[in-house]
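One chain comes next, on its own, written as structure tokens: the form predicted alone.
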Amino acid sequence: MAQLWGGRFTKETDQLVYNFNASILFDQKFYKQDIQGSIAHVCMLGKQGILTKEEMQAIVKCLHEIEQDVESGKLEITNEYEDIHSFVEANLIDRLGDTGKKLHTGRSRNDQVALDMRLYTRLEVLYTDELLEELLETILKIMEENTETIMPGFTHLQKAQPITLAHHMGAYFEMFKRDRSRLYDIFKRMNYCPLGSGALAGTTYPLDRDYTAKLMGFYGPTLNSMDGVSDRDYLIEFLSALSTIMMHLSRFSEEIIIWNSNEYKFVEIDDSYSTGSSIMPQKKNPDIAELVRGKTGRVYGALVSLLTTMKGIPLAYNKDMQEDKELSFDAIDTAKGCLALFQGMLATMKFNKEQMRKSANHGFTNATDAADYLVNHGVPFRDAHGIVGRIVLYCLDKKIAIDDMSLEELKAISPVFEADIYDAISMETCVNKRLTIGAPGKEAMEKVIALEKEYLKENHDKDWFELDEQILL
């Protein structure tokens, strides 16, 4: 058992206790972050004269070699080590002897693991943002191509008013755009370095925490050592943001599942993102959308789990906090996988534009516009509402759309109707006369699309932080 402690103890740890306590099976996921943090720490120790220049250079060189050996498969991370920190330090000592033992000077495993988790999470925030950007680009492309693709808009899952596919997609663009802004806010709050906090009360060594923070691209050091080792707010915030992203993906997936049904036939999912039935040869199932919808609860579970873990922990570090990793790693990987697959499914999906328009036309989505026509001809709104209600009943009985009624039939219900009613309630008129910003009219949508294009341009390859790569290399 390779451990970073033991001098105080006279008996070996029971194997079951050791296994229960160990975290190597999951925290090996951030071996890169552990090595990166160690390199920054050693560079600072050298700068401060706590290590000699030769000692610093030897340790940094060896840490890079350990990283390369792990990546090439030459060095295997095994469960003989308690955690990733033990693995890195033990291998360093094996290769450098007493010089390797100086790595941990002025550092505790508490601030070390706090740093590793923060570095790992910071990187995952960036990766998630990149996936959201790709999804937004796909959505915007659909919007640009479908400013005249008429479809029904729904409330209560009932056809309400005619909109365009561009307008419908634009709603999801706004959702995922807000998700990106949440990630950026989280990054700004979390990007402070806990290394140098020690176990909880700092250290007597003359550390330069500002320098260490600068090397790793942090804005600066955390300002309270107890909070530095016990803070997981940033991870809770990230899991919350991932839960919101998954909620948005789930809503979108639900609509695609409905649109893919035989009753709607609004979309056809590409074969590469569909599956069949083992018994029913006619089936083409929207499994990716269903799995995204199902995996949403998995991400929610990680958030609730961490909130529950943290709610009763006194300051400062407690072993409970080791539970921040497994479910968080799973939630992060799940959300990223769902974003990537959903984007691919959406990019290859075909839209049945004719069916969408037909559905809008036969769903009385222009009923509100018929009422507005009467109001514009002097009929009080409440009376107009009742008149159009009777028209809808008439059409339901005849199994026709409002547009299919003759002028004589319309006049029999209200003499106010004239021949211009047909233009007033055409799908194109119903959509395109709505010109206020945020509405589905073509002119309004083109303005929004231009704004969204500018947003993507301004937020592409944003420099969220600066890493002093020259020193770390």
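So that there is no doubt, residue numbering starts at 1 and follows the sequence shown. Here the structure is a predicted model, which means the values were calculated and not measured.
One more form of this protein exists, namely the form predicted in complex with arginine (ARG); it is left out here, but the text below deals with it.
Undergrad: Look at the stretches 337-345, 83-91, 299-307, 130-138 and give the one with heavy atoms within 4.5 Å of arginine (ARG) in the model of the complex.
TA: Looking at the partner contacts, the answer comes out as 83-91.
Undergrad: Of Leu183, Val113, Ala331, Met216, which residue is found within 4.5 angstroms of arginine (ARG) in the model of the complex when only non-hydrogen atoms are counted?
TA: After the contact test, the surviving option is Val113.
Undergrad: Using a 4.5 Å heavy atom cut-off, which residue among Thr105, Gln322, Ser250, Gln161 comes into contact with arginine (ARG) in the model of the complex?
TA: Of the listed residues, the single hit is Gln322.
Undergrad: Please determine whether each residue of Ser23, Asp27 and Tyr317 possesses a non-hydrogen atom within 4.5 angstroms of arginine (ARG) in the model of the complex.
TA: Per the other structure, all of Ser23, Asp27 and Tyr317 touch arginine (ARG).
Undergrad: Does His168 reach arginine (ARG) in the model of the complex if we count a contact as any heavy atom within 4.5 Å?
TA: Contact with arginine (ARG), no.
Undergrad: How about Arg109 - does it come within 4.5 Å of arginine (ARG) in the model of the complex, if we only consider non-hydrogen atoms?
TA: So Arg109 counts as contacting arginine (ARG).
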